[in-house]
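In structure tokens, the next block holds one chain alone, the form predicted on its own.
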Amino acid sequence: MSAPILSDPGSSRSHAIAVIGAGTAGMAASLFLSRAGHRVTLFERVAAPGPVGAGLLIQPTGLYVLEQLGLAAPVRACGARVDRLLGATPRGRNVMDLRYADLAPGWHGIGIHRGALSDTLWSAVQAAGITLRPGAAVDMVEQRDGHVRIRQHAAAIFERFDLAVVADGTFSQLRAQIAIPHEITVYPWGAWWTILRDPDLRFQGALRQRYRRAAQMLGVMPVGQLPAPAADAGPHVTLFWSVRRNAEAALRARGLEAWKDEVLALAPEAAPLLAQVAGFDQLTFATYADVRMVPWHHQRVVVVGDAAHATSPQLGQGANLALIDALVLARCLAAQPEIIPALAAYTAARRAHLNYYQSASSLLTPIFQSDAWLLPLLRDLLMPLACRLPGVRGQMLSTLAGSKAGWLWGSLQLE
């Protein structure tokens, strides 16, 4: 995958663009748009963006986008290669075994600490000549007279832009101000996450999951190095454990050892990892939500990343979809210099891909995180067979890699 992001960046008309939110989508969009000759101002409510969160998986399609930004090499250097997805029952019977290379030779994912990816993007943004506004919480976006006005929190003065890119995350503070129909549904299940050392390399090369029905799920994924200035430079993994939101406090009240016993009953091989967990302060509880919004633009405002289409993490596509949003938005603005038709083209270009992954995530979530018993029973019976059927296996691999754009046919075209 080595095609240029823009066939002729100089052909684009230069616009003043406000990007709101310095997450994956916002920083990637800022870089692409700045390199295309636009005057970009990046607003971020946090005064000093730094390492946050646990681990994420960058799929082959996301790696392609990072290659277009010239950032694939540093991401590979600080992350960890993931060649396959392994899912098993408590008795060790495989439910899933999917290898990226079976879809395309050399394909793989990269597990990476969220902070390491953020640091890589932030360093590139700082070097790109983008106007940076850290500590600037935008509380109003309004459109009038052929432009967009941006107001920072508690400020009386608006700033004027030709285009606003809203990328302020799943629980966006600005989404409700935009005249686009949308809904947000918070999932009843979340997860505890933590980052742990893997000095003996026991958990490298694969994202490993263990399931007991859909009520218990453990995941372990290599993520490479911790972001600077962490002194521990050795290999690390992220460990996640499904937790129902309304049971999280009760689980903590039972005590750490009770939780460890529950995990070990499901996955005894996790013992060396659990030995590193000394208290609940090492476990961060993450809440997820499903965000539905179509179209993803209104006049001169476009919404990208999780603010536009957040899903559960079952398919590991959050960062991937955000990166692809940024690439497609830049291409649409390059192909059509007028903003309003360019954003209409963006919505049209993203519709099939995003609709598929939102639908697939909604379908899979109760199979892996719920109180259901029949669905996970069917999962354990049928998925091993599906993984062996060439046609079905190919569709599962395409879904994992982030390249499907429809249930029956359709493939994401990035080159």
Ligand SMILES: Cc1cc2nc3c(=O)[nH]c(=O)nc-3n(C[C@H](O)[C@H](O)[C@H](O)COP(=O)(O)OP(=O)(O)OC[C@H]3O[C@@H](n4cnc5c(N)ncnc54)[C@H](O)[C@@H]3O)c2cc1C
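What you see is a predicted model; the values in this text were computed from it and never measured. When you see a residue number, it is the position in the sequence shown, counting from 1.
The discussion below concerns the form predicted in complex with the ligand, not included here.
- Note that among 270-278, 88-96, 298-306, 256-264, the stretch whose heavy atoms approach the ligand to within 4.5 Å in the predicted complex is 298-306.
- Using a 4.5 angstroms threshold between heavy atoms, residue 137 counts as touching the ligand in the predicted complex.
- Using a 4.5 angstroms limit between non-hydrogen atoms, residue 114 touches the ligand in the predicted complex.
- Shown alone here, residue 219 lies farther than 4.5 Å from the ligand in the predicted complex, counting heavy atoms only.
- Interface membership of residue 17, defined by any non-hydrogen atom within 4.5 Å of the ligand in the predicted complex, is ruled out.
- Put simply, of 165, 322, 329, 239 only one has a heavy atom within 4.5 Å of the ligand in the predicted complex, and it is 322.
- Although the ligand is not shown here, in the predicted complex the stretch 162-200 places heavy atoms of 167, 168, 169, 174, 193 within 4.5 Å of it, in sequence order.
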